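This document opens with one chain alone, in structure tokens, the form predicted alone.
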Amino acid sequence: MKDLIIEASHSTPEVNFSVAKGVLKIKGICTPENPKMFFDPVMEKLIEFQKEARSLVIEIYLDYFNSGSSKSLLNLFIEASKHTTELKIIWISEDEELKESGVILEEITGLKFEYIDKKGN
């Protein structure tokens, strides 16, 4: 199975899904006009990955994301929790507002997030 690499643009984040490592990283600004269309290949790769692996780390480091992207992230976390026995979600942020967004998603999904504060780094 091949890795999924999506280059960042002015409105979409960089996505790096390393299948061998079991790590999905999403980093940057996430304001696509159609969040579902942007996240569809990520979801497809996740579903394909889950057929062969049970351990996954999702690392989110977004500078900003819109409400449509929030819903897509929520769906991603829910899908990841369905068939993954070892799921670790790392939420990296540089300010309290972005951290609070992670806390809200954590509460909605019922999953446990690990938080890393990059403020000043």
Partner chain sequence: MIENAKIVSLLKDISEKENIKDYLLVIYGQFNQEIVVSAIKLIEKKLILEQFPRSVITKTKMICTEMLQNITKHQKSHETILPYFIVGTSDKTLNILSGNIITKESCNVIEAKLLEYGSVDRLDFRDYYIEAFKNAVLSNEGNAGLGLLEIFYRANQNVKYKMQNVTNELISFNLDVIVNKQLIGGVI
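Everything quoted here is computed from the prediction, not taken from an experiment. Residue numbers count along the first chain shown, from 1.
As for the form predicted together with its partner chain, it is not shown, yet the points below apply to it.
- Taken together, the three residues Phe17, Gly22 and Gln50 lack any non-hydrogen atom within 4.5 angstroms of its partner chain in the predicted complex.
- Within 4.5 Å of any heavy atom of its partner chain in the predicted complex lies no heavy atom of Ser55.
- Looking at Glu79, you'd find every heavy atom of it more than 4.5 angstroms from its partner chain in the predicted complex.
- Although the partner is absent from this view, Lys36 contacts its partner chain in the predicted complex, with a non-hydrogen atom inside 4.5 angstroms.
- The closest non-hydrogen atom of Glu59 lies beyond 4.5 Å of its partner chain in the predicted complex.
- Residues of 81-97 placing a heavy atom within 4.5 Å of its partner chain in the predicted complex, in sequence order: Glu94, Asp95, Glu96, Glu97.
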